[in-house]
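One chain follows as structure tokens, the form predicted alone.
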């Protein structure tokens, strides 16, 4: 059954952002033909060329995942399936490919319950993006300032009296706080996939530091901090450790 999926190759590219769409589509079709013929390395070379030209789509990521899966590069396969799923979460073929690939993972960890405030924060930011909250907050604050100046220098009596002077700044400050807090502490940390066949989590960003845990390719982790050569990751069970930056790729 695994063969069934993985080769539900997506033959039609999604919307792209390249300047020459016709050229990108032709290159995509050529790469997909190579993939269907089992010429996986050649197909990947073509797909990489398309990506280097700024073309990104769920279909491209999915087909790259299929090629890596066929070449037994499990970590890379899951990475690209994850990227495809995030671009098109409702696509059944993509979801199926990701499930099949994940069945081959070595690691399986329990998940910590998500704090309610994180869930609320994510829902709020899904409804209105951080940038919009910031602009909305500034609008309220500038509105409050304008009304204050009108009252003081224009001698105009405001319809809501003193309450509007308290309401607008409070609402504006709350909106700005939501925007800034989301940038400092995002509701969903940056995620990555382990692409090395095996890597050891260390207590510190140092190859000589004590080991914390050994994990294997294909595992999806959260990124908590970075240095030029090391990344602090967190597993789904809450375990944290440093790994070399080359051992993983961001989704």
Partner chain sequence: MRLPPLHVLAVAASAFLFFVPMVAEAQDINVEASVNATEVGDQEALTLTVTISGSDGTGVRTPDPPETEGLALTQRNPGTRRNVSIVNGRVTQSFGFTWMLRPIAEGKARILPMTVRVGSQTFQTDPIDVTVVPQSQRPARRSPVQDPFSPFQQPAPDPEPPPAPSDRDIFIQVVPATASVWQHEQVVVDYQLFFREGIQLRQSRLTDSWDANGFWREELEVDTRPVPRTVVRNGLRYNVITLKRAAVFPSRSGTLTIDPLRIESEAMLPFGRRDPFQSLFSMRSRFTPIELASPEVTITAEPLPGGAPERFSGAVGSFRMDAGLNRSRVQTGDGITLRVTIEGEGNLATLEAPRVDLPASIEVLGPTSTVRLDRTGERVSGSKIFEWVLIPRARGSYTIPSIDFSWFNPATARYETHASGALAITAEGDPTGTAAPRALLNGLPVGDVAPPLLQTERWHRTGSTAPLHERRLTWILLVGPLLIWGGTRVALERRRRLTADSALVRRRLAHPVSRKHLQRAEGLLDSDDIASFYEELDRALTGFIGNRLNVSETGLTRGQLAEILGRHGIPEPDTARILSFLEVCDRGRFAPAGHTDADREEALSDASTLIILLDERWSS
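Residue numbers count along the first chain shown, from 1. Just so we're clear, the structure is a prediction, and the values are computed from it rather than from any experiment.
If you look for the form predicted in complex with its partner chain, you will not find it shown, but the lines that follow are about it.
Listed residues 152, 123, 174, 167 were compared with its partner chain in the model of the complex; 152 is the one with a heavy atom within 4.5 Å. Residue heavy atoms within 4.5 Å of its partner chain in the model of the complex occur in exactly one stretch of 218-226, 203-211, 49-57, 189-197, and that stretch is 49-57. Heavy atoms of residue 78 never reach within 4.5 Å of its partner chain in the model of the complex, leaving it off the interface. Its partner chain is not shown here, but in the model of the complex it comes within 4.5 Å of a heavy atom of residue 104. For residue 24, a non-hydrogen atom is located within 4.5 Å of its partner chain in the model of the complex, even though that partner is not displayed. Although the partner is absent here, residue 117 is not a contact residue: none of its heavy atoms lies within 4.5 angstroms of its partner chain in the model of the complex. Contacts to its partner chain in the model of the complex (heavy atom within 4.5 Å) from stretch 64-98: 66, 69, 70, 71, 72, 81, 87, 91, 92, 93, 94, 96, 97.
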